[in-house]
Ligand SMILES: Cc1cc2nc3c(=O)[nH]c(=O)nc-3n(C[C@H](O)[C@H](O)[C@H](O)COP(=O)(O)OP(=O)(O)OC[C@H]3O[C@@H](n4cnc5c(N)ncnc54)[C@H](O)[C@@H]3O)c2cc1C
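Consider the single chain below, provided in C-alpha coordinates and representing the form predicted on its own.
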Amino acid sequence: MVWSRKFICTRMTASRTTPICSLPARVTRVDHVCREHVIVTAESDQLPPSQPGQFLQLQCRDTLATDPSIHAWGPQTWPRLNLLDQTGPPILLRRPFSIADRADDGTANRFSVISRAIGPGTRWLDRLEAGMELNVTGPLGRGYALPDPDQTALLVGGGVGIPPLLYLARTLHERGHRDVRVLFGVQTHDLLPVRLSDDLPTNGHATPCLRLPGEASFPALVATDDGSAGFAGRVTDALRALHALEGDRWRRPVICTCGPEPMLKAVAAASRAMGSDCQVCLERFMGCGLGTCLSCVVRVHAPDQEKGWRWALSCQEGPVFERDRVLDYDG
(Lines give C-alpha, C1' and ligand atoms only; values in the text may rest on other atoms or scores of the structure.)
Protein backbone atom coordinates (compact mmCIF):
# COMPACT_ATOMS: atom_id res chain seq x y z
CA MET A 1 0.00 0.00 0.00
CA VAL A 2 1.37 3.41 -0.96
CA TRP A 3 -0.15 6.58 0.43
CA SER A 4 1.32 9.93 -0.51
CA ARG A 5 0.38 13.19 1.22
CA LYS A 6 1.02 16.16 -1.06
CA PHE A 7 -0.64 19.55 -1.36
CA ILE A 8 0.45 22.00 -4.04
CA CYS A 9 -0.68 25.63 -4.11
CA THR A 10 -0.32 28.11 -6.93
CA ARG A 11 -1.03 31.79 -7.37
CA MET A 12 -4.70 32.53 -8.03
CA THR A 13 -6.19 35.39 -10.03
CA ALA A 14 -9.36 37.27 -9.06
CA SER A 15 -11.10 40.31 -10.48
CA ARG A 16 -10.63 42.57 -7.45
CA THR A 17 -7.32 41.43 -6.00
CA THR A 18 -4.72 38.80 -6.71
CA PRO A 19 -4.76 36.53 -3.66
CA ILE A 20 -1.85 34.24 -2.91
CA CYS A 21 -2.72 30.62 -2.28
CA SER A 22 0.21 29.69 -0.03
CA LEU A 23 1.77 32.65 1.73
CA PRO A 24 4.16 32.24 4.68
CA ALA A 25 3.76 34.75 7.48
CA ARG A 26 5.62 35.13 10.77
CA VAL A 27 3.63 35.34 13.98
CA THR A 28 4.66 38.44 15.92
CA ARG A 29 2.18 38.39 18.79
CA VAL A 30 -0.48 36.18 20.34
CA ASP A 31 -2.83 37.96 22.71
CA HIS A 32 -5.38 36.04 24.77
CA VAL A 33 -7.76 38.97 24.86
CA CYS A 34 -10.61 37.31 26.78
CA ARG A 35 -11.76 33.95 28.09
CA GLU A 36 -12.04 32.13 24.77
CA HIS A 37 -10.63 34.47 22.12
CA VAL A 38 -7.08 34.92 20.93
CA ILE A 39 -5.76 37.65 18.65
CA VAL A 40 -3.05 36.29 16.35
CA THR A 41 -0.92 38.99 14.73
CA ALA A 42 1.48 38.10 11.93
CA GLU A 43 3.47 39.91 9.29
CA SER A 44 4.48 39.30 5.70
CA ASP A 45 5.91 41.47 2.96
CA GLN A 46 3.89 39.59 0.32
CA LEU A 47 0.25 39.89 1.42
CA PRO A 48 -1.73 41.60 -1.39
CA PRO A 49 -3.97 44.62 -0.71
CA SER A 50 -7.16 43.92 1.21
CA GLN A 51 -10.35 45.62 2.32
CA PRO A 52 -12.51 45.29 5.46
CA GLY A 53 -14.85 42.34 5.18
CA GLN A 54 -12.45 40.16 3.22
CA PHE A 55 -11.12 36.99 4.81
CA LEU A 56 -8.09 34.71 4.94
CA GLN A 57 -7.89 30.92 4.85
CA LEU A 58 -5.41 29.74 7.50
CA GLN A 59 -3.61 26.43 7.55
CA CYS A 60 -4.25 25.44 11.16
CA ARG A 61 -1.61 22.75 11.53
CA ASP A 62 2.13 22.27 11.38
CA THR A 63 3.62 21.73 7.94
CA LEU A 64 3.35 18.10 6.86
CA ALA A 65 6.12 16.12 5.22
CA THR A 66 5.50 15.48 1.51
CA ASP A 67 7.33 12.14 1.29
CA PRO A 68 5.07 9.12 0.56
CA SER A 69 4.11 6.91 3.47
CA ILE A 70 4.79 3.30 2.42
CA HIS A 71 3.55 0.18 4.22
CA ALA A 72 3.93 -3.37 2.95
CA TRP A 73 2.84 -6.73 4.35
CA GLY A 74 2.56 -10.38 3.42
CA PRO A 75 -0.53 -12.60 3.15
CA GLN A 76 -0.49 -13.65 6.82
CA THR A 77 0.57 -10.36 8.45
CA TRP A 78 -0.94 -6.92 9.00
CA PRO A 79 0.92 -3.60 9.02
CA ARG A 80 1.36 -1.70 12.25
CA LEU A 81 -0.47 1.56 11.55
CA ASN A 82 -0.81 4.43 13.96
CA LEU A 83 -3.84 6.74 14.06
CA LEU A 84 -2.30 9.28 11.68
CA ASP A 85 -1.59 6.53 9.13
CA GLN A 86 -5.19 5.35 9.28
CA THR A 87 -7.06 8.64 9.31
CA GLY A 88 -4.66 11.04 7.61
CA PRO A 89 -3.87 14.54 8.88
CA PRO A 90 -6.30 15.54 11.65
CA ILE A 91 -6.71 19.07 10.19
CA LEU A 92 -6.79 19.03 6.41
CA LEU A 93 -8.95 21.96 5.34
CA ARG A 94 -7.94 25.55 5.97
CA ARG A 95 -10.13 27.65 8.23
CA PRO A 96 -11.65 31.01 7.15
CA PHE A 97 -11.06 34.08 9.32
CA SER A 98 -12.09 37.67 8.70
CA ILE A 99 -9.22 40.12 8.72
CA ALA A 100 -9.52 41.84 12.10
CA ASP A 101 -6.82 44.44 11.45
CA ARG A 102 -4.28 45.37 8.80
CA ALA A 103 -1.45 47.90 8.94
CA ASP A 104 1.73 48.63 7.01
CA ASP A 105 4.78 49.63 9.04
CA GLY A 106 6.87 50.45 5.96
CA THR A 107 8.77 47.17 5.82
CA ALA A 108 6.08 44.50 6.20
CA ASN A 109 2.33 44.20 6.25
CA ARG A 110 0.98 43.34 9.68
CA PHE A 111 -2.42 41.66 9.97
CA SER A 112 -4.51 40.13 12.71
CA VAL A 113 -7.24 37.54 13.03
CA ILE A 114 -9.35 36.72 16.07
CA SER A 115 -10.08 33.09 16.85
CA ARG A 116 -12.35 31.42 19.38
CA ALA A 117 -11.13 27.95 20.38
CA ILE A 118 -13.98 25.55 19.55
CA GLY A 119 -12.32 22.76 17.52
CA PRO A 120 -8.94 21.24 16.60
CA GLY A 121 -8.08 23.99 14.10
CA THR A 122 -8.84 26.91 16.39
CA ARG A 123 -7.19 25.12 19.33
CA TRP A 124 -4.04 24.89 17.19
CA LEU A 125 -4.16 28.67 16.68
CA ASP A 126 -4.63 29.06 20.42
CA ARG A 127 -1.23 27.42 20.99
CA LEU A 128 0.74 29.62 18.59
CA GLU A 129 3.65 31.68 19.88
CA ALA A 130 5.58 34.65 18.52
CA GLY A 131 8.20 33.57 16.00
CA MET A 132 6.21 30.62 14.65
CA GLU A 133 5.14 30.43 11.01
CA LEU A 134 1.59 30.71 9.72
CA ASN A 135 0.53 29.75 6.20
CA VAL A 136 -2.17 31.94 4.66
CA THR A 137 -4.38 32.02 1.57
CA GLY A 138 -5.89 35.36 0.62
CA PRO A 139 -7.18 37.93 0.83
CA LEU A 140 -10.45 36.45 -0.43
CA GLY A 141 -14.02 37.56 -1.10
CA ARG A 142 -15.73 40.92 -1.42
CA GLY A 143 -15.60 43.39 1.45
CA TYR A 144 -17.68 46.35 2.60
CA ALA A 145 -18.39 49.26 0.29
CA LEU A 146 -17.13 52.19 2.34
CA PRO A 147 -19.75 54.83 3.14
CA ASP A 148 -19.35 58.40 1.98
CA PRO A 149 -17.60 60.73 4.45
CA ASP A 150 -20.86 62.63 5.02
CA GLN A 151 -22.82 59.48 5.93
CA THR A 152 -23.41 58.14 9.42
CA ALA A 153 -21.81 54.70 9.65
CA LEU A 154 -23.06 52.18 12.22
CA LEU A 155 -20.80 49.15 12.77
CA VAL A 156 -22.91 46.41 14.35
CA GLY A 157 -21.16 43.16 15.31
CA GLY A 158 -22.07 40.14 17.37
CA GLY A 159 -19.72 37.52 18.85
CA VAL A 160 -17.30 36.14 16.27
CA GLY A 161 -18.73 38.68 13.80
CA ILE A 162 -16.89 41.52 15.56
CA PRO A 163 -13.42 41.14 13.88
CA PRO A 164 -14.14 42.54 10.38
CA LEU A 165 -15.73 45.62 11.94
CA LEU A 166 -12.52 46.35 13.86
CA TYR A 167 -10.65 46.50 10.56
CA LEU A 168 -13.44 48.65 9.15
CA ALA A 169 -13.16 51.03 12.12
CA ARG A 170 -9.44 51.51 11.45
CA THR A 171 -10.08 52.11 7.75
CA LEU A 172 -12.81 54.69 8.34
CA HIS A 173 -10.66 56.48 10.91
CA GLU A 174 -7.67 56.63 8.56
CA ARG A 175 -9.90 58.03 5.80
CA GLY A 176 -11.15 60.83 8.00
CA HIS A 177 -14.65 59.58 8.80
CA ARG A 178 -15.96 61.09 12.01
CA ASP A 179 -19.67 60.22 12.13
CA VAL A 180 -19.25 56.57 13.16
CA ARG A 181 -20.87 54.51 15.93
CA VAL A 182 -19.71 51.06 17.04
CA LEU A 183 -22.17 48.57 18.54
CA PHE A 184 -20.95 45.16 19.71
CA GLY A 185 -22.93 42.36 21.31
CA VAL A 186 -21.64 39.33 23.23
CA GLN A 187 -23.20 36.67 25.43
CA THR A 188 -21.33 37.77 28.56
CA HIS A 189 -18.67 40.37 29.41
CA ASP A 190 -15.68 38.00 29.39
CA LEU A 191 -16.34 37.01 25.77
CA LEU A 192 -15.73 40.52 24.42
CA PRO A 193 -12.63 40.28 22.17
CA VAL A 194 -11.77 43.98 22.51
CA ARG A 195 -9.92 45.83 25.25
CA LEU A 196 -11.72 48.59 27.14
CA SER A 197 -10.54 52.17 27.44
CA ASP A 198 -13.31 53.27 29.79
CA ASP A 199 -16.35 51.99 31.64
CA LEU A 200 -19.06 50.59 29.39
CA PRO A 201 -22.19 52.78 29.17
CA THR A 202 -25.41 51.16 30.38
CA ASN A 203 -28.04 53.71 29.35
CA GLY A 204 -28.00 53.41 25.57
CA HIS A 205 -25.58 56.30 24.99
CA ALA A 206 -22.43 55.56 22.99
CA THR A 207 -19.07 56.65 24.41
CA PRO A 208 -15.40 56.11 23.33
CA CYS A 209 -15.06 53.08 25.64
CA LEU A 210 -13.21 50.62 23.35
CA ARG A 211 -9.58 50.42 22.24
CA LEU A 212 -10.13 50.23 18.51
CA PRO A 213 -7.37 49.56 15.95
CA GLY A 214 -5.38 52.50 14.63
CA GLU A 215 -6.32 54.60 17.68
CA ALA A 216 -9.81 55.14 16.28
CA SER A 217 -11.86 56.82 18.99
CA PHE A 218 -15.44 56.28 17.87
CA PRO A 219 -18.37 56.25 20.31
CA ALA A 220 -19.26 52.65 21.15
CA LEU A 221 -22.02 50.74 22.87
CA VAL A 222 -21.51 47.16 24.09
CA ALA A 223 -24.47 44.90 24.84
CA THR A 224 -24.35 41.68 26.85
CA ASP A 225 -27.12 39.09 26.66
CA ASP A 226 -26.85 38.34 30.38
CA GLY A 227 -26.51 42.00 31.45
CA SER A 228 -23.10 41.35 33.05
CA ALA A 229 -21.64 44.57 31.59
CA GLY A 230 -22.68 47.51 29.46
CA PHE A 231 -26.14 47.60 27.92
CA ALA A 232 -28.33 44.73 29.10
CA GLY A 233 -29.85 42.95 26.10
CA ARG A 234 -29.05 42.01 22.55
CA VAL A 235 -27.10 44.23 20.18
CA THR A 236 -30.29 44.91 18.20
CA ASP A 237 -31.87 46.25 21.40
CA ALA A 238 -28.85 48.53 21.81
CA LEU A 239 -29.20 49.66 18.19
CA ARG A 240 -32.84 50.62 18.69
CA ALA A 241 -32.01 52.41 21.96
CA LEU A 242 -29.25 54.40 20.29
CA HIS A 243 -31.53 55.25 17.38
CA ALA A 244 -34.17 56.55 19.80
CA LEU A 245 -31.58 58.80 21.47
CA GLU A 246 -29.82 60.30 18.48
CA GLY A 247 -31.30 58.88 15.26
CA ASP A 248 -32.70 62.25 14.20
CA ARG A 249 -29.10 63.51 13.87
CA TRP A 250 -27.88 60.70 11.65
CA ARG A 251 -27.14 61.58 8.03
CA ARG A 252 -28.07 58.98 5.40
CA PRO A 253 -27.19 56.20 7.86
CA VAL A 254 -25.64 52.97 6.63
CA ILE A 255 -25.26 49.87 8.79
CA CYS A 256 -22.35 47.48 8.30
CA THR A 257 -22.96 44.29 10.24
CA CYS A 258 -21.54 40.83 10.84
CA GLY A 259 -22.55 38.06 13.22
CA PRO A 260 -24.71 34.97 13.66
CA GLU A 261 -27.56 34.41 11.20
CA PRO A 262 -30.42 35.30 13.60
CA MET A 263 -28.64 38.52 14.57
CA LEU A 264 -28.10 39.50 10.93
CA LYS A 265 -31.77 39.00 10.12
CA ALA A 266 -32.75 41.09 13.15
CA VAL A 267 -30.32 43.87 12.20
CA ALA A 268 -31.60 43.78 8.61
CA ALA A 269 -35.17 44.20 9.85
CA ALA A 270 -34.19 47.00 12.25
CA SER A 271 -32.26 48.83 9.53
CA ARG A 272 -35.26 48.67 7.22
CA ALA A 273 -37.52 50.10 9.95
CA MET A 274 -35.00 52.92 10.51
CA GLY A 275 -34.76 53.70 6.81
CA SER A 276 -31.04 52.82 6.80
CA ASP A 277 -29.00 51.12 4.13
CA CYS A 278 -27.42 47.89 5.33
CA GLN A 279 -24.54 45.65 4.30
CA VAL A 280 -24.42 42.16 5.84
CA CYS A 281 -21.25 40.07 6.14
CA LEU A 282 -22.45 36.48 6.15
CA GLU A 283 -20.98 33.65 8.20
CA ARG A 284 -20.86 30.47 6.12
CA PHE A 285 -18.91 27.23 6.25
CA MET A 286 -16.13 27.55 3.68
CA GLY A 287 -14.15 24.47 2.80
CA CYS A 288 -11.89 26.08 0.22
CA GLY A 289 -12.66 29.82 0.01
CA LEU A 290 -11.85 29.69 -3.71
CA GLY A 291 -15.26 28.89 -5.25
CA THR A 292 -14.60 25.18 -5.74
CA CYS A 293 -16.31 23.23 -2.96
CA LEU A 294 -19.70 25.05 -3.18
CA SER A 295 -20.18 24.80 0.60
CA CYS A 296 -20.96 28.50 1.24
CA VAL A 297 -23.98 29.18 -0.98
CA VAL A 298 -26.64 31.78 -0.21
CA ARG A 299 -29.85 32.63 -2.06
CA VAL A 300 -29.83 36.01 -3.81
CA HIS A 301 -32.45 37.79 -5.90
CA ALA A 302 -32.13 37.18 -9.65
CA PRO A 303 -35.07 38.63 -11.63
CA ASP A 304 -33.77 37.05 -14.84
CA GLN A 305 -34.16 33.53 -13.38
CA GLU A 306 -37.40 31.58 -13.56
CA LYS A 307 -37.67 31.30 -9.77
CA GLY A 308 -36.55 34.89 -9.26
CA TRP A 309 -33.46 33.84 -7.32
CA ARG A 310 -30.23 31.89 -7.65
CA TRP A 311 -27.46 30.47 -5.51
CA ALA A 312 -24.41 32.71 -4.95
CA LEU A 313 -21.08 31.74 -3.45
CA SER A 314 -20.31 33.74 -0.31
CA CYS A 315 -16.58 33.32 -0.85
CA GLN A 316 -16.77 34.92 -4.31
CA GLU A 317 -19.72 37.35 -4.42
CA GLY A 318 -19.57 37.93 -0.67
CA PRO A 319 -19.17 37.46 2.17
CA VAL A 320 -20.49 41.05 2.23
CA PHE A 321 -23.83 41.55 0.47
CA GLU A 322 -26.28 44.41 0.27
CA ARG A 323 -29.19 43.59 2.58
CA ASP A 324 -31.87 43.65 -0.11
CA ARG A 325 -29.92 41.35 -2.39
CA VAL A 326 -30.11 38.39 0.00
CA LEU A 327 -33.39 36.56 -0.46
CA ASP A 328 -33.82 35.55 3.17
CA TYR A 329 -33.29 39.14 4.39
CA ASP A 330 -35.80 40.87 2.15
CA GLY A 331 -38.39 41.22 4.89
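For clarity, every value in this text was computed on a predicted model and none was experimentally measured. Throughout, we count residues from 1 along the sequence that is shown.
We do not show the form predicted in complex with the named molecule, though everything after this point is about it.
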Would you point out which of 115 to 123, 239 to 247, 167 to 175, 184 to 192 contains residues with a non-hydrogen atom within 4.5 Å of the named molecule in the predicted bound form?
-> 115 to 123
Of these, 96, 139, 158, 147, which has a heavy atom no more than 4.5 Å from the named molecule in the predicted bound form?
-> 96
Would residue 284 sit within 4.5 Å of the named molecule in the predicted bound form, counting heavy atoms only?
-> yes
With a 4.5 Å heavy atom cut-off, would you call residue 163 a contact of the named molecule in the predicted bound form?
-> yes
May I ask you to list the residues of 297 to 322 that have any heavy atom within 4.5 angstroms of the named molecule in the predicted bound form, in sequence order?
-> 319
